[in-house]
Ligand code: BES
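Given as structure tokens, the chain that follows is alone and in the form predicted alone.
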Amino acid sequence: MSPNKNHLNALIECLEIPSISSSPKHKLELEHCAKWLQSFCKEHQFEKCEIIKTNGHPIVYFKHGQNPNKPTVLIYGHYDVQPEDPVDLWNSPPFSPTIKNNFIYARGASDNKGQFMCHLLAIAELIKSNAELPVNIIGLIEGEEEIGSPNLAPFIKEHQDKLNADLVLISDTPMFAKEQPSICTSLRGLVYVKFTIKSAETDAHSGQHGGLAPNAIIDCAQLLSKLKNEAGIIQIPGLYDDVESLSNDKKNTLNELPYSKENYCKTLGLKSTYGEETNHPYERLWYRPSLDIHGIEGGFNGEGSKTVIPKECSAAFSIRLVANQKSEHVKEQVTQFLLDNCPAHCEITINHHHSAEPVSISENAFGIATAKKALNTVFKKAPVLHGEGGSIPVVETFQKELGLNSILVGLNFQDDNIHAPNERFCLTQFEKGVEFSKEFLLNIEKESNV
């Protein structure tokens, strides 16, 4: 399927904007991206589109259709992107979209500009071809997802009157496999932690003080090594207490899904997988907690040499949570573990950054049946239901504050390098995403009338 020239031009324009939410120097670019989205909506005759200021980056809110007798679909996406670092590993400039072998390469191509643009382009085409749509549409495109959406939940709580809908449609997860359309019905939660260990008031010379003065990096590494054992089991007391065992039906469903350890390892360049070998790989990815260290900072890492004993060291790690675990309780468990295991001669400062709750969506939720039919129509193959190891904080917020389930239909491939150099999005998937969205929006009314 060749890309529609107008679709592709719109996507390229959006991808050219370096809307990096974690960097203060890109504040104006985020505002630029929000204004670009507003201009797109106005150009394609959406009935309403406004930019809503927050304490951080703005939210783009749009609306089309106000018929109380028709279902209302709330479409969510995020226009902010991850930093482009390390730039030298990109094969093309991250904010100069490049097309090669039917993929478009750019930061944000899959996460999430390419995916939410599928829905915006679908709405634009439906408005152009239909005097009145069979569905009401609300849109919420935020600029802070990559930093934990700190201002989105307060907005949703305060403006529930703007968000009266029957369901949420989100494309921000990967498709289960190439040529295999899918619908995600669970997300893991998240607790993100940073801590700093301080072992002295000043750095010291390793020749004059080595053997007597403690080394903060070693102290930090020893503390980190206690978080998991060699089998990959998290060692924080009580962490698994609230983890529910999978039902036999769920286990049977996992066994029916195709999995190749060899292909998985090849995709990531692994020699082998790691973790709880007694559990099915998909169970470990979707329904079991995981813990990963993301960075260690301290001492000297520049060119040349510097024989320093560092006075302090910082580290960051996160825990992915599963159904029935609560982020606040896990934060307490993590804090107690770090305090109990910090070396006696060190001071430790602990900061809990963003968090998200795990989410489960019923396989019979309103919208699932329509999504299945729409995917089958466009991809010519029945979709599978699956879980996802990542987190989308707003999905839990939509459930808790608005009572809405989210229909999670991923369109990008597992190996599209989101959050990494050479992020990409298949242009065939892009066009199929537009067609899926049109099919879904045109037919959701039929499910509401059943």
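This one's a predicted model, so the numbers in the text were calculated from it and none came from an experiment. Numbers for residues come from their place in the sequence shown, where the first is 1.
There is also a form predicted together with the named molecule; it is not shown, and the following applies to it.
Undergrad: Of the options Glu396, Glu388, Asp416, Glu29, which one has a non-hydrogen atom that comes within 4.5 Å of the named molecule in the predicted complex?
TA: Filtering the options by heavy-atom distance leaves Glu388.
Undergrad: Please pick, from Lys311, Arg284, Lys228, Arg320, the one residue with any non-hydrogen atom lying within 4.5 angstroms of the named molecule in the predicted complex.
TA: Filtering the options by heavy-atom distance leaves Arg320.
Undergrad: Picking from 215-223, 167-175, 247-255, 228-236, which part of the chain touches the named molecule in the predicted complex when contact means heavy atoms within 4.5 Å?
TA: Heavy atoms within 4.5 Å of the named molecule in the predicted complex occur in 167-175.
Undergrad: Within 4.5 Å, heavy atoms only: does Glu142 come near the named molecule in the predicted complex?
TA: No.
Undergrad: Does the named molecule come within 4.5 Å of any heavy atom of Glu146 in the predicted complex?
TA: Glu146: contacts the named molecule in the predicted complex.
Undergrad: Check whether Leu190 has any heavy atom within 4.5 Å of a heavy atom of the named molecule in the predicted complex, and answer yes or no.
TA: Close contact exists here: in the predicted complex, Leu190 approaches the named molecule to within 4.5 Å, heavy atoms only.
Undergrad: Indicate whether the named molecule has at least one heavy atom within 4.5 Å of a heavy atom of His329 in the predicted complex.
TA: Residue-level check for His329: no, no contact with the named molecule.
Undergrad: Are there residues in 73-92 with a heavy atom within 4.5 Å of the named molecule in the predicted complex, and which are they, in order?
TA: If the 4.5 Å heavy-atom criterion is applied to the named molecule in the predicted complex, 73-92 yields only His78.
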